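Form predicted on its own, single chain, as C-alpha cells, below.
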Amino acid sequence: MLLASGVNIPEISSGQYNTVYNLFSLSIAALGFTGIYLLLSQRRVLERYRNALVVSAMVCFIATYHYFRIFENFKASYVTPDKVASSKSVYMLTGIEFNEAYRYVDWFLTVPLLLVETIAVLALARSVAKPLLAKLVFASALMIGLGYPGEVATSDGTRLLWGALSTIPFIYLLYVLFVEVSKSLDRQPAEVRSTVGKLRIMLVGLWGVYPIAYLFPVFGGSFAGASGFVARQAGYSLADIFAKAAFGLVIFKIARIKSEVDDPSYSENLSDAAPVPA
C-alpha cells in the first residue's frame, strides 16, 4: 500500500505544501538561532558546565544543517505541473524522491549528543557518567538504526515490525535516563531540583512524540496518504524543535542556576564584568 505507508506521496495540495514548507523554515530558524545563543552564552556559566552548552549548540547546528538539506530536497521533490502557473493548487512528486534518510542521519548524530549534554549538566561522577553514556549511546544508535527500515517501508506490516524492534532500545533508553536522572535529584542543589525534575518529564514526553508520528501512516484515515505525510513531517519537526532547541535552553537554565549555587560570587562578578571586546 503505497499511500498507506507514506512513502513518496505522488500529490499534495497547495495548503499541504505550504504547511510543510513553513514548518521546515521554522525549524531552521528555531534550531539555528538557539545554537548561536547557547554558544554565545558560555561565559554566563562556570567552566565545568560549559561543555553541556557547547554540546547543546552542536546539536542545534547539526539539526539546522540537516533541515537545510531536507528543505531543499522537499522543494526539489514537489513542483506544480506548470511552474509558471499563477494558481498553484496541486504539487506533484518529481523524479527526485523525498529522502527521509536526512532525518535519520541527523538523529544518529544528535540523539547521542543530547544524552551527553544531559549527563554533562548533571555533573555526575566520572565513574558513573562514563558507563552510563556507553549504555545510552549504544541504545540510541540501535533504536535509530532499527527504525529506519520501517520508515521507508512500503507496507504497514514491515513498518510495524521494525517499529516494534526499535521500540525495545527506545524503552530501555527512557528507563535508564529516567532512573538515573531521578537518582541524581538528591545530589542536585535544592534550587535546581524542580528544573531537573521537569527535565526528565521533557525527555519522556518529547521523545514519545517520535514513535507516534512514525505510526501515523498505519493509523489510516486522515493519517494516510498526503495528510499523513504532512502530519508526520509536522510531528517530527515540532518534536525536533522542542527536543533540541527548547531542551537546550533548559540545559542552559540548569547550568546557570548550578553556577550561581556553586559559586555565588560568580554571578556578582559576571554582572560587574566589563563587556568582552568584539
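Since the structure is predicted, the reported quantities are computational estimates derived from the model, not experimental observations. Numbers for residues come from their place in the sequence shown, where the first is 1.
This next part talks about the form predicted in complex with a further copy of the same chain, which is not shown.
The stretch in contact with a further copy of the same chain in the model of the complex, judged by heavy atoms within 4.5 Å, is 126 to 134, chosen from 203 to 211, 139 to 147, 170 to 178, 126 to 134.
The partner is absent here; in the model of the complex, the one residue of L215, A234, V250, I62 having a heavy atom within 4.5 Å of a further copy of the same chain is I62. At the 4.5 Å threshold, heavy atoms of S184 stay clear of a further copy of the same chain in the model of the complex, well away from it. a further copy of the same chain in the model of the complex comes within 4.5 Å of no heavy atom belonging to S227. Although the partner is absent from this view, W162 stays clear of a further copy of the same chain in the model of the complex, with no non-hydrogen atom inside 4.5 angstroms.
Interface residue remark: V55 is counted as part of the site for a further copy of the same chain in the model of the complex, having a heavy atom within 4.5 Å. Looking at 93 to 118, the residues that come within 4.5 Å of a further copy of the same chain in the model of the complex, counting any heavy atom, are L93, T94, G95, I96, E97, N99, A101, Y102, V105, L109.
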